[in-house]
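Just the one chain here, laid out as C-alpha cells, in the form predicted alone.
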C-alpha cells in the first residue's frame, strides 16, 4: 500500500504522484467523483490501477493518502 500524493496540475487534471518511486501520472478515470463519494478505483494514463477508499466528500488538494495497487 504505497503513499501517494493527489493534486491538480496546471491543466486542472488530477495527478497521482508515487513518492517512493518518484513517479507521476495523470488519473484518466476515477470510480466515484460526485458530491456523495470521491475515490474508489483509479486508472492512470500508463494503464496502472489503484484503489482509494472512497471519501464522503471531494477533498481539498493536494492530499497525501495510502492506496492499494490493483
Partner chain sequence: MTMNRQETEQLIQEVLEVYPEATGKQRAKHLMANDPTLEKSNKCIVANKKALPGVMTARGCAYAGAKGVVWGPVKDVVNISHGPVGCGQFSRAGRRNYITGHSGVNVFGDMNFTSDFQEKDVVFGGDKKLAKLISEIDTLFPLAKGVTVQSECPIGLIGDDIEAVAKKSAREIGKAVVPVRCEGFRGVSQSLGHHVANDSLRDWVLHNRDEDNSFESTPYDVAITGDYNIGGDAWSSRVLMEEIGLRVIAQWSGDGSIPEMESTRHAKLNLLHCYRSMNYISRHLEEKYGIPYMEYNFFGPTKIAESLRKIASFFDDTIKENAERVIARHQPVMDAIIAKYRPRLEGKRVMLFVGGLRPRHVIGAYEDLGMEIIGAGYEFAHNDDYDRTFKEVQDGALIYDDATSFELESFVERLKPDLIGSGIKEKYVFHKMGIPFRQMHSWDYSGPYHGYDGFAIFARDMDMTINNPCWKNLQAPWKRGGTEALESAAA
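Numbering follows the first chain given and starts at 1. Just so we're clear, the structure is a prediction, and the values are computed from it rather than from any experiment.
One more form of this protein exists, namely the form predicted in complex with the partner chain; it is left out here, but the text below deals with it.
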{"item": "The partner chain contact at residue 67 in the model of the complex, heavy atom, 4.5 Å", "value": "no"}
{"item": "Distance check, residue 49 to the partner chain in the model of the complex, heavy atom within 4.5 Å", "value": "no"}
{"item": "Partner contact for residue 19 in the model of the complex: the partner chain, 4.5 angstroms, heavy atom", "value": "yes"}
{"item": "Contact test in the model of the complex: residue 59 vs the partner chain, heavy atoms, 4.5 Å", "value": "no"}
{"item": "Residues of 1-32 having any heavy atom within 4.5 Å of the partner chain in the model of the complex, listed in sequence order", "value": "5, 7, 17, 19, 22, 23, 24, 25"}
